[in-house]
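Given as structure tokens, the chain that follows is alone and in the form predicted on its own.
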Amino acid sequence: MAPKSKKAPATIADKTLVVDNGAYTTKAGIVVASGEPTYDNCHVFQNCIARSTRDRRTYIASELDSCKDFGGLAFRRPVEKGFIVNWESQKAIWEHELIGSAKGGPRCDPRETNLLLTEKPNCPRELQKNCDEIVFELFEFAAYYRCVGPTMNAHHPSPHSSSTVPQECVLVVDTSYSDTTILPVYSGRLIQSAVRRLTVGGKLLTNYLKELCSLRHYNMMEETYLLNEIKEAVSLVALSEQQFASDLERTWKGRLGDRKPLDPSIVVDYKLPDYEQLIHGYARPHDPEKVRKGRAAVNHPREDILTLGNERFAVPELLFNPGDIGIQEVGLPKAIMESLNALPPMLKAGMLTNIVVVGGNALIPGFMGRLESELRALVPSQYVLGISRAEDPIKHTWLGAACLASQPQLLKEVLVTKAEYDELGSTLVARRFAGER
């Protein structure tokens, strides 16, 4: 009887599309096997479809860059709380940016390309199953790996070693658009029992700023894009709770009949865009006389000025004190300690020496200084604390995933090919990726 022929090992495509699919922006790029990916290989675009109520145009993802009037934009975002919940919109965005005609983005033929896709921890299984079906049955990628995004930060080369294996201990603090999560990663694997999540993220901060400005200045509840721009331009974090209280006093106008001068080192004037002469607004030092003249202008165009005082630091303060608006959660430093205290003592010591902060909120001035100072007050003296912000907090997770994708042997161990999916279905995918749950 002739021996049964062994099944030839599946060949893996030599290029991989790495997609860090965030709720606010998507980070994507093509990585070639054995290459050396950098931040420059990452293309960032808005993960949304926007409809203008003024010019009746629809903008898909990077097309927003060509928009000249951001007033009254209605957004449809396919990602909610970090999970893809609207595949109709996500499909249109991917086809436009990753496969279609968008300028400057990565281009690939899915049948000849692997896909490495990130997701948030604790994604519902039904959403994962939908994602797997879309990837293989609709886009028909050659092979696929779905993983918890922040764990990819462990694949950055360690400054103390040239090894290609993941760093042993990394505590990732991911403060992004949807929320803020603390994720202990050991040898590339997530320690699920110690994961902690705060509901405060960039979206909540923007919505809170909208409410404050609408209450105190103009009705801006429909100006999501503009308020997000303002938040990114003027926000800052007070260095301590004592400094926060002091800054509140310095930005208080006083009672009626007993007005106080505002501290110009904190208060700024934000000139609002008119979407004719000025497409994007900008901040400038507070000048009460200039504001008064601009608003009462007769011989030249009237200026719409938004004077921002305690809004600048009261909004990002929610990351440290969510109870300020009634959210029954601890602040970020205490949440980090809760995560660490759920670990064995030896792991806790290792994680404390390598805390990496990623996500857009890490770019707020004063954020890292406040986080480090409050953590030092909470960490017992016998532990060494090492905390740093990623070189590029927006792209850092993508680059970690790209480092994995550039190593053919490591990548081959985790990929599921389309042939395997066609033969064994979604059960194989769920079992193969279960280690990342």
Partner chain sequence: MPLVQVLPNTASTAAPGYTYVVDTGFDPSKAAFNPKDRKRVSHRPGGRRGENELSARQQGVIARRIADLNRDNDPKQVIAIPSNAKSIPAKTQNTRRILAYQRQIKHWLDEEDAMLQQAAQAPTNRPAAGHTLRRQSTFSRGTTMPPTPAEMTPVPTAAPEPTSSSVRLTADSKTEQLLSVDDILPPPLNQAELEALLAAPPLSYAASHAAAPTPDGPPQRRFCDNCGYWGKIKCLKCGARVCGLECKNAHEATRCLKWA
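Here the structure is a predicted model, which means the values were calculated and not measured. Numbering follows the first chain given and starts at 1.
Form predicted together with the partner chain: not shown, discussed below.
The closest non-hydrogen atom of residue 330 lies within 4.5 Å of the partner chain in the predicted complex. Interface membership of residue 285, defined by any non-hydrogen atom within 4.5 Å of the partner chain in the predicted complex, is ruled out. Using a 4.5 angstroms threshold between heavy atoms, residue 229 stays clear of the partner chain in the predicted complex.
Taking the partner from the other structure, the partner chain in the predicted complex has a heavy atom within 4.5 Å of a heavy atom of residue 244. Judged against the partner chain in the predicted complex with a 4.5 angstroms heavy atom cut-off, the residues 134, 192 and 324 are in contact without exception. In plain terms, the part of the chain that comes close to the partner chain in the predicted complex, with a heavy atom within 4.5 Å, is 74-82 out of 360-368, 149-157, 270-278, 74-82. For the candidate set 38, 373, 58, 34, a heavy atom within 4.5 Å of the partner chain in the predicted complex is found for exactly one residue, namely 58. The single contact residue among 343, 305, 239, 262, judged by any heavy atom lying within 4.5 Å of the partner chain in the predicted complex, is 343. Contact annotation for 348-365: residues with any non-hydrogen atom within 4.5 angstroms of the partner chain in the predicted complex are 348, 349, listed in sequence order.
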